[in-house]
Each structure stands twice: as structure tokens, then as C-alpha cells.
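One chain comes next, on its own, written as C-alpha cells: the form predicted on its own.
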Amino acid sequence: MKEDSPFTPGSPVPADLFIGREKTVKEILRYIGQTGSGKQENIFLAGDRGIGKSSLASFIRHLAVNEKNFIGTHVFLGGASTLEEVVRCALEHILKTSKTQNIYGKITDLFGDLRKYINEVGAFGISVSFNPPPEQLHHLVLNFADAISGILEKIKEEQKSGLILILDDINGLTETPDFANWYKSLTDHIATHYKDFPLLMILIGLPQLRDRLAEKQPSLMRIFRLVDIDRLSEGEVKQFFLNSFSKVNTKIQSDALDLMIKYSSGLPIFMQEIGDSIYWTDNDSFVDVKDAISGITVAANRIGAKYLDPKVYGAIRSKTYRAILRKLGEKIGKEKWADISNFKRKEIEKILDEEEKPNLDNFLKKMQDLGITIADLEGGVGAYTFTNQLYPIYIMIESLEHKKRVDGPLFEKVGKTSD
């Protein structure tokens, strides 16, 4: 019976398996040091989907709590669209964190009459909920800085360095100017009313969301330390897989490891999916090329269903475009794995019928607009490359499924083209 997988698709990577980002980590640790000296700091951590923003924030929180003596809480705001919900979630998570830091009683005392809206939940009261009425939440929105100030005083009494508040998944808060204006007013109030305010707030989002907030409140970005993260290097990806599989006493064949690195594309979200799929595919604690190909194929299907289906197949309504996409998938299925990341316009045109050929250029533009492909400058005029290595695999799979040729023949085809 296998142990639990060391991989965590869809969740931040555990601190003990976090790899890379040394320069960024050092930069943020400097800001944490300044926070500990009493200066309120603000970071906007930006990067594309799947790049590992939440994992990096979780690792920073781990370091701050365990090495810098901070209280830290990570708040996921998916679905939140109002300031009231932001403040409610933030205070609820601070309460939950204080419960694990043995200062829960002192923090709840600060809530005064609002304490009756704090409930311990779970079989042994291991978690906390905070649900005050709307009028009380509105008051907390207006006085959030004062509420945090009281919490910081209690934290200081416990000889703690300060508080880190991570606000993650802020998509729903960028639609109106409310959040941008409130956040700017909050930091202005702190700067003008408090001399000592050891609070580090980290906002996490896509670069375009950061730009949207800047449009809503042009002065907002001046207060942030802007931190952008990119894909991991091949060396970092390699170390991640070696560390993760060694944790479950599994060795990796070098050629299999090369495939895992290639198709991860430097994206932690792909690394997690590929690692998890291969872990459950392998049955002898030795990952060979066949295990890698099988696991990567499963991971590609998962990634495609989660990200490509709504992004591409949902957006491409034209039957002609879909036909071209499936013929591209058929062509990918005939290529060696080393060659499926790139293609040329003239190669695709050869396999299209007379009705499809006039639509090829518009199709290629659509694929670029959707962020699936980019021009391959090294390949010359009319050359394209996929932005992620798993995308062509999923396009191949979808094409084969459309022709009812998946079970068995797919793996056989993939295995034969891996040389």
C-alpha cells in the first residue's frame, strides 16, 4: 500500500519541499526586518497563474513565524467582493492563528461586545468563526487600523516581532474602486496616526489585477514593494523532483527526470500535477521513462481539463477552428516528444482541406490572443511555440478522444514516439 503522495496539486507546496526563489526570499526578508523595527510595509506579489505565488507566500510566512518570531496568517479571499468580507475574513484568520500561538484569549478580549460573534467550531473547538452583523462589520471596515493596532499591542506583550497578513486571491476586489481606495486610506491613516506599527501586508494577484487596481486608484502602487516572480529554472525543477521523490524513497531514471523537467515548463502547478501523476503510476519505487510518459499524459489531461478547456475549447466556437485544432493535435501525435512544442504554419497548412486553409491565419492569431502559442523567433517566419509544454499533449489527447482512439493506442503511440 502506497504512502500519501508528497505532491499537493492545487495547494501551496509544504515548506520542507519549497525550492528556489532565493533572491526574492532575501528581498522579502529585508522588508520583514523593517516591519519588525516598527515600520508598516506593503508588498504586492505578482505572477502568472500556476507560477507559485501562494507557495512563496506560505514559505515566507513559515520563515517569519519560525525564524523571525512573527505572528502570520494567510487569508484566501476567493469570492470576496466587498470590504466587509475582506475585514471579516482577515479578523477571523487572525483569531484562528492566535489560537495556535497561545494568545487567543488576549486577542478575543479586544473584541469587547463583538466577542459574542466569535464561535469556536469543530469537535474540540479547534477552529474559529467570526460573523458579526452588517452594521458592525461596516464599523470595523472604517476602523480596521485601530483594530489591528490593538492586536499588535497584544502581540508585542507576548514578545512577538509583529504581524504578517497575507491577502490572497483578490480577483473579486478589483472590479470597483472600493478596495483600492480603502487600502490607500488605510495605509495613509497608519502612516499619520501611528509611530510604531509592525504590520506587513502582502497582496497576491496576477499582474493584470495589479494594473487594474492602479487604474482604480493611481496613487496606490506607490505604497507597495512590487515583487514579480517568474518560472523556476531547470535546476530548481530538478531539485524539487529529486527532493520530493526521495521523501518517499523513490529513485528517478535520468531520462525520466529530463522529461519531467521539460514538461513542467518551470511552473510549480505543472510540477505538482506531473509529480503526483507519476507517483501513483509508478509501482516499484523507480521512475523510468515509461512511468514518466504515462504520468505526464495523465497530468496533461488534468491540466487541460482545468485550464485549456475553458480557455481554448470554450472560446473557440467556430467548427472550422476546432477542426484545425484537432488536426494540429493529430500532427502532434505523430511527432517525437522532443519535437511537439513547436510547429510551423506551412506544416499545418499541408494537412488542412480547402475550406480550412483560408481560416488558418485567423486561427493562429486566435491561439496567440488566448496565450496558448507565441511566435518562435528562432524558428523563423511562420514558426510558433506553445507557451507551456503540457498544452500540446492535451491538444493531442483531445484530438484522439474525438476520434475514439484513446484507451491503449494513446499510450502505445506516446511510448513509441518518445525516442
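This is a predicted model, so every value here is computed, not measured. All residue numbers refer to positions in the sequence shown, first residue = 1.
Missing here is the form predicted together with a small molecule; even so, the following discussion is about that form.
Report yes if any heavy atom of R49 sits within 4.5 Å of a heavy atom of the small molecule in the predicted bound form; otherwise report no. Flag for R49 set to yes.
Check F130 for me: does it contact the small molecule in the predicted bound form (non-hydrogen atoms, 4.5 angstroms)? It does not: once the small molecule is placed as it appears in the predicted bound form, F130 has no heavy atom within 4.5 Å of it.
Is V13 part of the interface with the small molecule in the predicted bound form - any heavy atom within 4.5 Å? Output for V13 is yes: heavy atoms within 4.5 Å of the small molecule.
Test of understanding: in the predicted bound form, would F240 fall inside 4.5 Å of the small molecule by heavy atoms? So F240 counts as contacting the small molecule.
Can you pick the stretch from 266 to 274, 207 to 215, 77 to 85, 185 to 193 whose heavy atoms fall within 4.5 Å of the small molecule in the predicted bound form? After filtering at 4.5 Å, what remains is 266 to 274.
The single option of N388, N42, S55, T35 touching the small molecule in the predicted bound form, heavy atom within 4.5 Å: Looking at the other structure, the residue within range turns out to be S55.
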